[in-house]
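Form predicted alone, single chain, as structure tokens, below.
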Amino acid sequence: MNAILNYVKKNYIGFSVSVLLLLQVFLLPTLLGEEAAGGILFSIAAVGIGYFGYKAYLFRKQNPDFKAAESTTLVNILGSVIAILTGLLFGFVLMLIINPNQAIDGFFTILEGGFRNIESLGDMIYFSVPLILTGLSVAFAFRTGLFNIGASGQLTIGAFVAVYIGVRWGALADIHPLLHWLAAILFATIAGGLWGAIPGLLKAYRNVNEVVASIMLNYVAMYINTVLIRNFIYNPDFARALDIKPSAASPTFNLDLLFPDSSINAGIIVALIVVLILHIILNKTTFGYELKAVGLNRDAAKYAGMNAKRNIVISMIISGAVAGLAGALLFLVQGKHLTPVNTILTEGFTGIAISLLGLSSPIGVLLAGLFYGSLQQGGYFLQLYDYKPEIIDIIIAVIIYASALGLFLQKFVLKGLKASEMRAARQGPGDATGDTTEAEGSDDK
């Protein structure tokens, strides 16, 4: 708690901007109505861009001798950008081969994605939420040296618990309208954490590879989910789980006024809070440092006095909890149902791709999840042309394959940045004005 308070004090400008953005999101739509949605979004974008511009100026001022080639973060980001451009270029070439007459229009439709209009922007954010959270789940474990490939199973367990509470615990709404929904996401988060603890315990105390343990638990969760649905919340008329109570559905918190006619709900608010919490834990706390230290070198961390076994278990619990939360937000929606079908939910595996593209950074995962959601929206609108929406899956697959070549791309980027800096150093301000040549001539005399 002290670490969080210190972080707030050091970043009071950022939190002031956050409060301003929250007021714009929740207060202005209520006061001005849906008609002002476009202006409010423009205002929000202006505040956000202004803040990041300020941070860039501040960074440049504090680091006057900054060299791009020496920044690992910048090199990694540019590597991901190249991976994205590679996938998009491959998709464009494929579209040219399939239907050259509509390739340019179709490609710009993909690029437009979720930014086509306010409704599609809201839908893009809505579809991105479970992907952001599963990406965070995988990324957190990976940053601590663990590969949690069992996010799908943890998501499934969390989804069942959330839906069960949504169906059976309707009396909670009589106490407070939000209590039913909050209880559903809370217990789903706990259930996902407990499921994630299993491979964590096996890894810590029996040295069982967490990849093998977690991926096998995906199948266990899948079959358990089928059995539990059929025994406790089965609707035989429609061969699926019963409908959740309206009080358990995710509220909109006035976001429906900001994004009218879209499916957006409070899930994005929860996702942003989780992003902030994990960012602070990993980068601003001693606890996060210990978790990363154990991941980098378990023996060295143990020698330094850290409890490696405990940290491994805690890391997998947190990772599983975030995946369980994703399952809750995925199914606590009116009209969406769990089905007793022996199929692994794909969102967990997509989270691996999101984590890879986001460089296993909470903020990077947020941006990667939104980008993925935008591509999905672009694929939906691609049906306006003579293309199949599956072309988006091909583009995303190529982007992920390119991201997997991260080390190669980073070397390519590093080489380019160093060459650019060398050219700038050779030219210099003196070369540009011709002063250097004159000075050298005078020395020769």
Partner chain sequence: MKKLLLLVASLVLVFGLAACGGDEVDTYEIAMITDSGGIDDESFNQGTWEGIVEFAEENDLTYKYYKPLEVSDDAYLDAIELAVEGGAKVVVTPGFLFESSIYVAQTEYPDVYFILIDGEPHDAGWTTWETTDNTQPILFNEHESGFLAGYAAVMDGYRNLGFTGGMAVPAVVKFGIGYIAGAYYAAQENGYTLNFGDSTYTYFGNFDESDTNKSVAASWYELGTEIIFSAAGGAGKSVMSAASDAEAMMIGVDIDQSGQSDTVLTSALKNLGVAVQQALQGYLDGDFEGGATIRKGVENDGVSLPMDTSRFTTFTQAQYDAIYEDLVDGTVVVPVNWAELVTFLGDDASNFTEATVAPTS
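Owing to the predicted nature of the structure, the values given are computational and were not obtained by experimental measurement. Numbering follows the first chain given and starts at 1.
In what follows, reference is made to the form predicted together with the partner chain, a form of this protein that is not presented.
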4.5 Å heavy atom contact, Pro177 to the partner chain in the predicted bound form: no
4.5 Å heavy atom contact, Pro340 and the partner chain in the predicted bound form: yes
4.5 angstroms heavy atom contact with the partner chain in the predicted bound form for Arg206: no
The partner chain contact in the predicted bound form: Arg240, any heavy atom under 4.5 Å: yes
Listed residue that, although the partner chain is not shown, lies within 4.5 Å of it in the predicted bound form (heavy atoms), from Ala173, Leu96, Ile118, Ile77: Leu96
Sole residue of Ile273, Leu89, Leu182, Leu111 within 4.5 Å of the partner chain in the predicted bound form, by heavy atom: Leu89
Per-stretch contact check against the partner chain in the predicted bound form, the hit in 157 to 165, 349 to 357, 195 to 203, 100 to 108 (non-hydrogen atom, 4.5 angstroms): 100 to 108
All of Tyr234, Ser263 and Gln377 with a heavy atom within 4.5 Å of the partner chain in the predicted bound form: yes
Any residue of 366 to 389 that, in the predicted bound form, places a heavy atom within 4.5 Å of the partner chain: Gln376, Gln377, Tyr380, Phe381, Gln383, Leu384, Tyr385, Asp386, Tyr387, Lys388, Pro389
